[in-house]
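Have a look below at one chain only, the form predicted alone, in structure tokens format.
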């Protein structure tokens, strides 16, 4: 069936991106405050958001920096965490027009969980005007929020800055709990990941970064083995 062509404009993208801005700014400010506590410079903190633009990965990388992880551990860990973006990009690519091919690297860079969710619910073919404006306002709010958080972090009391350390755990709890409500598979895999990471870190004495990498790979493979038949039945 031929997909309906709806011309979404720049203004549609900006308007649809406003809820993302409201969600991004507080989280980005938290990242900026945490970056300040890690003693990295303002320029480094801003470049972190400008070049990476991936909230979960940035928080994880920051945490690994704080525990003294090596560059290889940080790169591999953030790569594994961001592998879901490949699936999101592939899904959106089927809805882009051929004349948007030259813009695809820029559009792919701007894909986040939030921009993917908003754009995937739009009917018809997605235009470059819509995607670029949607991703631009999300990107601007993230980078601006991180810079603002870093500046604000310089005037906050130490006890308040130290309390921001729970932000990482709160963010992942917010991601995990809705999935647990839908299926106990997420809870089982999360518990297995915690056990695997604990064994790797405290019994096998593997560095923190690599223990996370091993946990992600092992539990992902185990999840495929344990739930493959169930997933096939649900799909059918």
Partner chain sequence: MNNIMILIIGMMIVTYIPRLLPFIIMSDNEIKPNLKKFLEYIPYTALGALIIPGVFSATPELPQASLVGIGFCVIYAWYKGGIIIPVIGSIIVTFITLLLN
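Numbering follows the first chain given and starts at 1. Remember, predicted model here, so these are calculated numbers, not experimental data.
Another form exists, predicted in complex with its partner chain; not displayed. Remarks below refer to it.
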| item | value |
| --- | --- |
| Contact assignment for its partner chain in the predicted bound form, among 126, 88, 143, 137, heavy atom within 4.5 Å | 88 |
| Non-hydrogen atom contact residue 36 with its partner chain in the predicted bound form at 4.5 angstroms | no |
| Partner contact for residue 193 in the predicted bound form: its partner chain, 4.5 angstroms, heavy atom | yes |
| Partner proximity in the predicted bound form: residue 220 to its partner chain, non-hydrogen atom cutoff 4.5 Å | yes |
| Contact label in the predicted bound form: residue 63 to its partner chain, heavy atom within 4.5 Å | no |
| Heavy atom contacts to its partner chain in the predicted bound form at 4.5 Å, residues of 10-30 in sequence order | 15, 18, 19, 22 |
| Outcome for the Cα pair residue 118, residue 186 in the predicted bound form, compared with this form (closer or farther; change of 3 Å or more) | closer |
| Inter-Cα distance between residue 208 and residue 55 in the predicted bound form, nearer or further [3 Å or more] | closer |
